[in-house]
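Only one chain is shown below, in structure tokens, and it's the form predicted on its own.
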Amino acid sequence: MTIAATWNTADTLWVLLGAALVLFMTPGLALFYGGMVRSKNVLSIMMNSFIAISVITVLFVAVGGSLIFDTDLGGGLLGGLHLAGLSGLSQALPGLSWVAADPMAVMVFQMMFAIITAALISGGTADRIKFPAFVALIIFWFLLVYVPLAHWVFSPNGWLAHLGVLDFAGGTVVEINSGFSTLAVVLVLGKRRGWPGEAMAPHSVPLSLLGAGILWFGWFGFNAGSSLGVNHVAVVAFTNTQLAAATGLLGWVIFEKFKEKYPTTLGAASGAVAGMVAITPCAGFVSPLAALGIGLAAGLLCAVAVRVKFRFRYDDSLDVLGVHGVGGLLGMVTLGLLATKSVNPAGGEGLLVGGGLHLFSVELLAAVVTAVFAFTVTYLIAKTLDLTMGLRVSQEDEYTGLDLSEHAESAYSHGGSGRIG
């Protein structure tokens, strides 16, 4: 019998479809971010998403996937290197013997998670980070921050997984991690010149709306694909994703209407994203009614959170902390409150459904550990890079725009080739 014949074809196809959808989210993120920056920086911010696809793919295949999912080296801190190069995948991944999908498909699916998490960080650094510095940043960040966190939570051998932490699709590893890693980088990088006094309005809201639509579409693969099989949990996760996105959108525009008089299209898009961020850790563990409430709370809370940066004067350009960091924290907390085994017998019972304090306490622990670890290690990485190669472009290059200064291109050349020189 061939190796391929030992795996369930339908489950493998489902996981591969999920992987394709999650990869599609990264170009969607590029469009979402691209529309929100000024026209002189649109290609630069989009390039950062595309370079993340390439760099993280190579690193994940070479060592990252193995360090995350191989047999633990001790203490639940990190895996080994037996799966390096995607070798040794003739058997189920350690601790995942219940998964019927081909293990290489599972690894590829997880690779796409790492890609978009790295790309998310670029949102906070918009308009001012050197391209080589961003590449170096995501290399070290992936190896020193993402890989350990993913092992702790996603691998059944990780120490947080051993404690009973639930995280269906990455509330910790993707959302909280990206939010607090971004905060660390922007504190080292500094504010954009002229911010917040100078107007830095999005140059193309329709472009951002298109990107948000792609993110919404791809998120079904992100969450429902995390069931790793064609089953009822996948259906629940798919449904909950749509419900939370819808109420997240409503929550954000309600906030804008009552606080600022005018609901905005960019606010609507951001609210949908906030709802999907918050439901990410919960998608396969909570009821549809709970998903409606989680999305609404995320839309309201994240709308407030993105405005906090003006008070504390940190320039998270495209609000990665306010949407992903805060939304991820909300998702982990509400999971500890509202999880129910009636939805997923492999899950747990939250505090408000009679499960006691255990699940709530470990979810809170995982959220805090992720935020502190991601912030601290990323800050050290960013500080080291800043002292050695320098993170930030010159004042002149920032004024000119990163499209020209870093890539010798212009997004809108009005009939020209779009390339300088």
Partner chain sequence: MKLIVAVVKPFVVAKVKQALHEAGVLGMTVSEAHGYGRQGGHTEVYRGGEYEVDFVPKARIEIMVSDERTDELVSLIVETARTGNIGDGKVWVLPLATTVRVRTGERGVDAL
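Positions refer to the first chain, counted from 1. Because the structure is predicted, anything quoted here is derived from the model rather than measured.
Omitted here: the form predicted together with the partner chain. The next part is about that form.
Peer 1: To verify the annotation, which of these, Leu77, Ala346, Val235, Ala201, has a non-hydrogen atom within 4.5 Å of the partner chain in the predicted bound form?
Peer 2: After the contact test, the surviving option is Ala201.
Peer 1: Which of these residues, Asp319, Asp102, Asp127, Asp72, gets a heavy atom within 4.5 Å of the partner chain in the predicted bound form?
Peer 2: It is Asp319.
Peer 1: Which single stretch, out of 61 to 69, 31 to 39, 45 to 53, 379 to 387, brings residue heavy atoms within 4.5 Å of the partner chain in the predicted bound form?
Peer 2: Only one stretch passes the 4.5 Å heavy-atom test: 31 to 39.
Peer 1: Can Val135 be called a contact residue for the partner chain in the predicted bound form at 4.5 Å between heavy atoms?
Peer 2: Outside the cut-off, so no.
Peer 1: Test of understanding: in the predicted bound form, would Leu86 fall inside 4.5 Å of the partner chain by heavy atoms?
Peer 2: Answer no; every heavy atom of Leu86 is more than 4.5 Å from the partner chain in the predicted bound form.
Peer 1: Can you tell me whether His162 touches the partner chain? I mean in the predicted bound form, with a 4.5 angstroms heavy atom cut-off.
Peer 2: Taking the distances in the predicted bound form, the answer for His162 is no, it never comes within 4.5 Å of the partner chain.
Peer 1: Although the partner chain is absent from this view, report whether Met107 comes within 4.5 Å of it in the predicted bound form, heavy atoms only.
Peer 2: No, Met107 is distant from the partner.
Peer 1: Which residues from 285 to 314 come close to the partner chain in the predicted bound form, meaning a heavy atom within 4.5 Å?
Peer 2: Read in sequence order, the residues that approach the partner chain (within 4.5 Å, in the predicted bound form) are Val306, Arg307, Phe310.
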